Structures are given as structure tokens and as C-alpha cells.
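Shown here is one chain on its own, the form predicted on its own, set out as C-alpha cells.
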Amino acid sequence: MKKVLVTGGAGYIGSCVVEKLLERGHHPVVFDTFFWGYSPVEAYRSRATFYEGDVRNSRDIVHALQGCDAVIHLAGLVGAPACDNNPLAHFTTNVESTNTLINCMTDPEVGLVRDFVYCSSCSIYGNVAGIYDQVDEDTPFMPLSSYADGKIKAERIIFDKAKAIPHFTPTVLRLTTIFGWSPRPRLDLVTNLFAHKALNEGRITIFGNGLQYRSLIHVWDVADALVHALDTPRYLRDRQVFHVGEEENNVTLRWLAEKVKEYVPGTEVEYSSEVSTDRRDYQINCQKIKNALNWRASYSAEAGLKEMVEKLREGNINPDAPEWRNNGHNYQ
């Protein structure tokens, strides 16, 4: 059993990671500011350690790390709108906190925590349509947002530290476009948003012709990949980068909208000529994680979308509440 610090452990991905760790016999340390409350992880309180703190604060980190064997680093401002609206918090939380966390993990005076799994993003590739048929882990970066740029900076911090500290074992997982139902749902992700709009407004708006690609990965598959990587022998993952996704889930926005219409009959799909602020367009190759770590996604895009519609139909959340979106909060 490993004691694993999960930064952002009460979030959209983190709440799923906590459950996956428990399933595999580990002890999670849920480290979070709990902006959105404890409810996503309340069910695990008797089997996990909870630590309310700020990942930018070395005092909080040092205390939370005591006795830990590994770290899964998820904490941050997620998404371009949240980062653009809170640029200082974006820098301190998404970039500098990574440096602070690793320093606390690896300083011999504090206590060594060797294993580190970082949650990055394929948004760092930007719009590569017409340049590369598929994107692999060595494709050049062309970030289109401050969020993506922050992920690049954080990755560089991680690998620079790995060069300087031989006993530091980082693994970077770059996520494709995440979607699906979680204990802390989000409605500001394209697939989840389409389902929400169809059910509550009867209309989906797509900017452009809808032929731009997204490579989808379900939130529970992401959690499984993060824990699977941690459980993999170090020699297979040390200082490695892996895409987390599934080629069969490389779909267009038009396909997504039409599939939503099947589950929510009567939904109208309109195409807007306005220029979208999100110009990402790529298809992601995910063979490396399959071959090297023997990991594969379980959810198809269609199955995850169907589940999302069913969960929203149950009406257990207020879709207008701010906690289901990341971009409305005033981060300090």
C-alpha cells in the first residue's frame, strides 16, 4: 500500500483518482482548497486523510507530504477562460506551485518523496490541422492559450528538476479532451456542455463548420491511467511522457452534436460564423501508453456521452450553480 498525496483531490479528476487509489489498496491524502466543498469526496472521509491547504504554500505542502510515498499533482486553474480571467493566480498555481511542490518533495532535510505523476494537457499542441495527421508525444508545441502555455512551463520545471535530482522519478501524462460524469461534475467541457445545452435549452451552437477534431477521454479513464502509471515499475515510466486517450475517440464536434441529438430528440444544432476563441484541432496518437504501460481506455465517446445525458436527466445538480464551472470563480 502506498500513501499518495493527491493535490486537487476534491476536484473533477481528483475525486475519481481518490476512489481509484482506494480500489487498489492505497491510502489517499486529499489535498485541496475545497473551493467547491467536501461533497465530492465526503464518502471517502473514513478511508482517506484530508488536508485543506494551498498548493502554492510550502508550509501546507510540507505538512501534507509527511509519510507519503508518492504524489499525483492535479491542483490548478483548469481551462483557458479561468486562466485568462485570473492571470496572477494562473501563474502562481499552475506554474510556480509545481516548482514549490517538487522542492518540498526532494529536499533531503524535509523527507524524500520520489514518485511524481503530473497531469498535463494535449492542448499544448494547439491547432495542427493540415500540418500533422496525428500528434504524438514528440510533436512540437504550438499553444493557443495561457492555460496551455502554463502546462509547457510546468513540464519544463519537472524535467529540469529530474536532470538535477537523480532520485526524482517524474511521469507526465498529457490528457486529451476530457469529458464525462464525476463526483464533482463540470458543465464547461465541450461534450458535457453539449449534453447540458440540449437538455436545458434544446439547442447546441457550434462555432465554425463543426469539422474540427477533439480527442476525447473519460474522466474515470483519466483517473485510472494516473493510478496505473503510479503502480507501474519505475523503469517503464521514469521521466516519460504519455498521451492519455483513445484513437477511436478522435471525433468531430459535428459528430458530437449529432450524437447528442440521438439521446435528446428535438435538439437543434446551429453553426455560427463567429470566430471561436478555442481553435484547437488535432487527432492524438495514444499508442505509447498502450505499448509501454499496457493501459487502455474503457469508455467510448458514445458510452460516456450517453451516461452524461442520463446523469443530467436525473436532476441531482442545479446546472446554473457556479461550482459546476471553473471559469466563474475569483481565484486569488
Ligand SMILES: NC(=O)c1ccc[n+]([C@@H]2O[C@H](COP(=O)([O-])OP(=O)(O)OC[C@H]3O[C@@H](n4cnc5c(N)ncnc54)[C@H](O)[C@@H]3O)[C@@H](O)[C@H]2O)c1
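Just count from 1 along the sequence shown to find any residue number. For clarity, every value in this text was computed on a predicted model and none was experimentally measured.
The protein also exists as the form predicted together with the named molecule; that form is not presented, and the subsequent description refers to it.
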Does F35 make contact with the named molecule in the model of the complex, using a 4.5 Å heavy atom cut-off? yes
Taking 4.5 angstroms as the cut-off for heavy atoms, does A10 touch the named molecule in the model of the complex? yes
4.5 Å heavy atom contact, G76 and the named molecule in the model of the complex: yes
Report whether the minimum heavy atom distance between C119 and the named molecule in the model of the complex is within 4.5 Å. yes
Sole residue of T93, T191, N249, T171 within 4.5 Å of the named molecule in the model of the complex, by heavy atom: T93
Taking 4.5 Å between heavy atoms as the contact cutoff, choose which of I158, V71, L175, A148 touches the named molecule in the model of the complex. L175
Name the stretch, out of 183 to 191, 257 to 265, 135 to 143, 103 to 111, where some heavy atom lies within 4.5 Å of the named molecule in the model of the complex. 183 to 191
Could you list the residues in 44 to 65 that come within 4.5 Å of the named molecule in the model of the complex, counting only heavy atoms and keeping sequence order? G53, D54, V55, R56
